[in-house]
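The C-alpha cells that follow cover one protein chain in two forms, given apart as structure 1 and structure 2.
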Structure 1
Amino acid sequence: MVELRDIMIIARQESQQMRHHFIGVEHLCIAMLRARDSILARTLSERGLSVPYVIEALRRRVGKGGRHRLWAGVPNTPRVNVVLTIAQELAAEAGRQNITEHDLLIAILDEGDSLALRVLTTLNIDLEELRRDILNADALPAVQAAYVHIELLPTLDVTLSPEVLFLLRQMFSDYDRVRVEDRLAGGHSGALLLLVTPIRDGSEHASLVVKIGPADLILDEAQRFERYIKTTLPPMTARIEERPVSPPLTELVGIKYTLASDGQSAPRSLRTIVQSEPLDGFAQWLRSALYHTYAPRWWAQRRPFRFEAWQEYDALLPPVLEIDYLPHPPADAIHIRYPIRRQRLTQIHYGQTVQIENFIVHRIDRAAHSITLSLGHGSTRALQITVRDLDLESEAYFRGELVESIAGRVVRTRHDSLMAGLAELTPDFDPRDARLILDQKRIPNPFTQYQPVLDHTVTGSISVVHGDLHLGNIMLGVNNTAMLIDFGQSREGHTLFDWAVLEMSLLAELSLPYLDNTWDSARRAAAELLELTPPIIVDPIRLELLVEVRHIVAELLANPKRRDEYWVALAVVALRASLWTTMSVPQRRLMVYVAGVAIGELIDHGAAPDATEFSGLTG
C-alpha cells in the first residue's frame, strides 16, 4: 500500500520539474500514477487509458510555471489542504495512523471539484465507477497479464524485445495465442508496425495491425485519429478501435488498427504487392479503390488554401538549427522569435549563440537528451530547432508546451545536415555544384537550390490529409478494398501532399529493379520514370501507376493551369526522402533527381501559368 509520505516525495519532484513550486491536486494525482503498484495506475490501465497519456493530459491542463519563484518553500494549495483533511478523517475512521493512497483517492473524489478530476472526466472516466473500483481495490489483481503465447512466423526476420512482448501480451490478454505474420515498414518514426492474428480456443480471429512506439508518439497519433480521421473514414476500412494500451511504468504504448477483413486471407500492403506481384490493373485500382473511397471526405473537399510553402513544408526538411543548451546565454545572443525573418535564419552559422522565444515543444527525445521546438501549433510547425544536451530528468518538457525562452550554441545548421546527407550519396559528383545533369538537361541541385521552393507562395486547397501516404501504409483487404493505417501525421493540410508522398514512394519502389550502385542507373531510371525520355528499360505497366497518380493530381489542382502547386510538394518530399537512411543509397540518389526536376519545373514555369503538358506524365 502506497503511503502519503511516498506520494508527497514524488509530488514535490513533479512540482519542481514543472516549475510550479506548490503542491496541487494534479501533483498528487501524477505522483500516484508514477508510484509503483499504485491503485490509480492500475484502475486507469484497466480502462485502457495509458499512464503517460493521463500524465500528459494533466500537465497540459495546468501548464508549466515561469522562470521566477514568487514565494518560498513548496506550499500546499487550499484545495490540497481540504483534500488532506478529508483523507485524515478517512484514515482515522479506518483506524489507520497514516494516510494511504486509498484515503487520498477517495478524498480527492469527495472534494470533487479539482481540475484533475475534470481531466479524468474529459477522458471518459466515470468517477462513480472509479470510486467503486478504488473501494474494491484490494480485490483487484496486480497488473499481470494472462500468459499469451506470441509466435513469430519462421520466415519472419524479426526479434521482439521483452518489453514489446510484454506489451503484446497485455494488448491481447483475452486471447490464448498471437501469431505475428509480418513486420510492416514503419517509415521513419521508429515505431514498430506488426501484422498479427490473435487466436482464441483454436480459432483464428481477424488479423489486425499493431503499432508500438514511444508514448508521446503513439498518444499523439491516437489524438490525431480522434480529431481528423475518425469522423471522415469510409465504413469499410482500418480504424483505431480502442484506446492506447500501456502497462504502467513503461515508455512504450501500443494501439490496434482493426482491419475490415473476412478472417480468411491476411491483408497485404501495397508495398509488398509492388515488390512481388505483376501490377496489371493496379493503376485503375489506385483510382477506383484508393482515390474514390477516401476523396469525398478528404482530398476532394477542396477548400481554398493560399500559403507560403515554408509554412507547410519547412518542417519536412532537417531542423533549421541544432543547438547545445546554454543555461546562461551571453547578452549578444541572436534572438529568434515571431515574426521571423527567415533570411536571417539562413545566415546563422556554427558556434553562434541564439535565444529562442515562444516556440512550441514538438518532439521529445529522451535517449538523445534533446527536444525539438517549432513555430506554432498543429500543422504549422515550421522552423524546427533541436535543442540538445538538456537534463530532462530535472526539468519536464511535454508536447505542445510553449517555451518562453531557451538558449544554446549552434552546432549544426540545415545546410550542414543537408551536406552530410549528400555526402552519404557521393562519390561521383561535387555537392557544391549548383546544377546536375539529367538527360542532357541541366537541373538544379536540390541540396543547394531548395530555397526558392520554400519562398514560393502557393494557391492550393486544404483538406484532411493522411500525412504519410507511402505504399507501406496502404493495405489491401477483402475484395481488394483500400485500407489506410498509421495516422501519426494526419492533419488538415495541403491536399496534394499525400499524392506527392505516394508518387515518391512509387518511384522508390518501382525503380528498384533498374538501380545498381551507380549514379548512372539512378539518372536513367529517373529520366524514364519521370517520362523525360521514352521507356527502354522500364516496364510500361509500372509507368501506368505513376501516370494515374499524375492524372489524379491534375484533377486536384486548385487551378488546373498552376502546376507549381504540385511541384512544391514533390520537390520537398523527394528532397526529404533523399536524406532517409531507411532508403537504399541508389533510391536516395534517384530522389535527388526527382527533387531536382521538380525544382527545375517550379523555377521555369512556377511564376506564370503555362499551357504545356503536365510533364510527360499526362499520358
Structure 2
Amino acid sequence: MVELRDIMIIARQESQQMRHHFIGVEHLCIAMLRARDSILARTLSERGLSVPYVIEALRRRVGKGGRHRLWAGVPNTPRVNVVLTIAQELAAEAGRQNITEHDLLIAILDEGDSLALRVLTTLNIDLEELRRDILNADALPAVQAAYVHIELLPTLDVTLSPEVLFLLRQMFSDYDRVRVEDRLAGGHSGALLLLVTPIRDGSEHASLVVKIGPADLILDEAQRFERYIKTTLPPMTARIEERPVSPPLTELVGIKYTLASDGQSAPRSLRTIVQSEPLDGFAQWLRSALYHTYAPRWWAQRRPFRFEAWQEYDALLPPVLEIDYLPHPPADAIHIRYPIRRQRLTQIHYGQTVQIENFIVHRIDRAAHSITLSLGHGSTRALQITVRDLDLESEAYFRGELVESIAGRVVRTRHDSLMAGLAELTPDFDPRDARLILDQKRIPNPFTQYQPVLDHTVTGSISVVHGDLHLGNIMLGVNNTAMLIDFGQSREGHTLFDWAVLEMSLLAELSLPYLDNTWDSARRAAAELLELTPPIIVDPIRLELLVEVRHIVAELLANPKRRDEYWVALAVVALRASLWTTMSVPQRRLMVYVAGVAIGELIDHGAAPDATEFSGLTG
C-alpha cells in the first residue's frame, strides 16, 4: 500500500512541473494516480477512466503557475493540512502510525470540497460510490482479464495485437466467446472499430460496435456523446450505454455502441453495401432513412453563422508549421500571436525562428516528444503548430493549457507537407502548376490554390454535426433503419460539413470499379462522377446517390442563391482526403480533382443566382 511519504515526494515533483510551488489536494490526487499499485488508479480504471486522462483533467482545471516564485519552499495549502489531520486520525483508529493512500483518499472524500473532487464529479464519478469502493479496497495487483475466446471470421484480413485482445477480454469478461464480424473503416482518428457478436453458453447476443483507441480520444468521445448526442439521437439508433473500459495495464480504452438488432443478422455498414451490393433505391434511402431521421434534431436545427472559412476548416489541413523547440530564441524571432495576420504565416520558411504566444495545447504526443498548439478560436482548432523535441518529463503540458510563449526553428511548413503528400501520388503534372487539366477544362490545382478557400467569408448556418459522416459510420439495422456510430468528432459546427464528408466518401467508394493505377483513370472517373461529361463507364445509379446528396445540401443552404458555403466545405474535405494514407492511391488521386473542381466552382460560381442549378453535381 502506498504510504504518505512516497505520495508527498511525487506531489512535490508535480507542483514543480506545474510551477505552483505549493502542495494542494489536486497534487496529492495526481501523486496517488502516478504511484505504483495505486488504489485510486485501479478504482478509477474500473470506472473506465484512464490515469493519464484524469491527470490531464486535474491539470487543466487548476492551470499552470507563473514562472516567478513569490515565496520560499513548497508549503501545504490549508485544505491539505485539514486533509492530513483527518488522515492521521483515520490511521490512528486503525492502529497505525503512518498515513497510507487508503487513509488519504477517505480523508479527501470526507473533507468534501476540494477542486480535485469537483473534477471527478465532472467526469461522472459518483463520490459516495467511490468512497464505498475505497473502504472495501485492498492493495492487490490489478485484476487480470478473464479468458474469453476471441474468434475472427476467416474472411477477415485483420490482426489484433495482444493489447487489443486483452482489452476485448476485459470488455466482455462475462461472456465465453466474442466473434469479430468485421473491421469497420474508420475516419482520420486512427482508432480501431470492430463489429462483434458476444456469445454466452452457446447463445449469441446482439451485435455491438467496439471502438478502441488512445485514452484521450475515446474518453473525449464519451464526453461528446453525453453533451451533443445522447438526448438528440432517435431511440432505435446506436448508443453508448456502458462506461468506457480502461484496464490499468494498457494505454488503450474501449467503448461499446449498442445496435438495434432483430437477432437474425448483424447490422452492416453503408460502405460494405456500396462496395458489394446493387444500389437501386439507396438514393431514396439516404433521404428517408438518414436525413429525415436525424435532421429534425441536428441539421434542421440550424442557426445563422457567418465565419471566415479558416476558422472552421483550417484544422483539417496539415499544421501551418512544424518547429523544433528552442529554449532561448534569438531576438529577431518572428512573433506569432492573436490577433494574427494569417498571410504572414505563408511567408515563413524552413530554418526561420518563430516565437508563438498565447496558443492553446491541442494535442500531446509523448512518444514523439511533441505538442500541437492551436489558436483555439471557433468550434475547431485552427492554425495548428507542432512543437517537437520537447522534454515532456520535466515540463508538464496538458490539453487546453494556454502557452504564454514558446519558440522554435521551422523544420516544415504546410506547403512542405502538402507537396510531400502530393509527391506520394507520383503526379504526372508539375505539382507547382496553378491549374490542372480535367476534361479539357482548366481547374485550380488545390495544392497551390487552397488559400482563397480559407480566406473566403461564409454566410452559412451552425448546428449539431456528426463530424465524421463517412460511409463506414453509417450502419443499416433492423428494417433498413439508419444508425450512426463513432461520435469522436461530434460538435456544433458548419451544418454542411457532414454532407461534404459524405459526398467525399461516396465519391471515393463509387469510383473504385473505374480506377486503376493511372492518373487518367482518376481524371475520367472525376469527370463522370462530377457530371462534367455524360456517364459512359459510370453506372448512372451510382450518380443518383451523389445527386441526392446535393438535393439535400440545396435544402440546407443558408441562402438558396449562394452555394459557396458548400464549395468551401467540399474543397477542404477533399483536399484532406487526398492526404489520407488509409485511402488507396487511386482514390486519393481522384480527391485531388474533386478538390480542384470545388475550388473552381467557388471562384467561378460561388454566388450564382439560379439555385435550381444546384440540383445536379456541378452548376
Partner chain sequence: MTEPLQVQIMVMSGVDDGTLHTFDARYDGQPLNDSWTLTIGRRDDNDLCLRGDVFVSRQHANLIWRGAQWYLQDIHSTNGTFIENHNDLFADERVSGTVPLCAGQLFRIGRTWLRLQPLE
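Since this is a predicted model, take the numbers as computed values, not measurements. Each form is matched to the other, and the largest set of C-alpha atoms that superpose within 1.5 Å is called the rigid core. Residue numbering: sequential along structure 1, first residue numbered 1.
Structure 2 derives from the form predicted alone, whereas structure 1 comes from the other one. Once the cores line up, the CA of Tyr53 ends up 2 angstroms or more apart between the two structures. After superposition on the rigid core, displacement of the C-alpha of Glu322 between the two structures stays below 2 Å. With the core held fixed, Val572 shows a CA shift below 2 Å between the two structures. For Leu109, the Cα deviation between the two structures after core superposition amounts to 2.5 Å.
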